[in-house]
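Next comes just one chain, in structure tokens: the form predicted alone.
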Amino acid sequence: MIRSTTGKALLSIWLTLVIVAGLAMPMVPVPRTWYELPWIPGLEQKARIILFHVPMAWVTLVAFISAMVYGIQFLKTKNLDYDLKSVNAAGLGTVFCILATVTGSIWAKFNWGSFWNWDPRETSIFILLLIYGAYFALRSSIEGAEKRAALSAAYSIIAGVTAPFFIFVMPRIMSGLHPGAKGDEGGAAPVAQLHMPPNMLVVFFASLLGFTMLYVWLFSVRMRISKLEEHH
């Protein structure tokens, strides 16, 4: 679907509307119309970051889990196409992980006064980046397609298992500054229990879908480029 011109156009329009809605819809203490978003206690206007930061983190997890699944498929079949899919998924996951880190750091600057505070969530995402940085370092150091694919697949499985822990579990079992950390007075981040008004939830899920489809499209583009590179 996304390979077609119509699919690309629809995705572009969808993401444009999400970005415009997320940035332009006014946030007020007491909403009176459907297009007004309420302040979330403790976040106020800065709550807008939820509409972009969380979907990026979600796509990061989808990509890393996809890389793990493709790694398993390679070990089962020894088909190098699965290795290609695994490395491309891991690459896109790393890109979205960096974007999630950057957006989170911007939010931290305005909310905590510093871009980086070594909060458990910031620490866990940094560790995840190191894990996948090591993955690409491993691939670049191994000669021979079969051996490289086999070792990369094994590594991607181990890394993929850790991804949900570092993204969702570790930040919630440790005390920290981030909403949803252990000891948070609210009990959970606004997203964790969907503590958002209906109109904000609509924008949030639209963003989640839009960024997921963006990942699917980018993955298909990366696969086509990789196939072309293989034949040259």
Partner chain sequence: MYDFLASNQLYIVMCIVLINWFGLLAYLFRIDGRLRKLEQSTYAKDEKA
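Just so we're clear, the structure is a prediction, and the values are computed from it rather than from any experiment. Residue numbers count along the first chain shown, from 1.
Omitted here: the form predicted in complex with its partner chain. The next part is about that form.
The listed set M196, V203, L61, L43 contains one residue whose heavy atoms approach its partner chain in the model of the complex to within 4.5 Å, identified as L43. Among heavy atoms of L209, none comes within 4.5 Å of its partner chain in the model of the complex.
Contact annotation for T103: at least one heavy atom lies within 4.5 Å of its partner chain in the model of the complex. Looking at W116, you'd find every heavy atom of it more than 4.5 angstroms from its partner chain in the model of the complex.
With a 4.5 Å cutoff on heavy atoms, C97 does not count as touching its partner chain in the model of the complex; it lies far away. Scanning 16-39 for heavy atoms within 4.5 Å of its partner chain in the model of the complex gives I19, L23 in sequence order.
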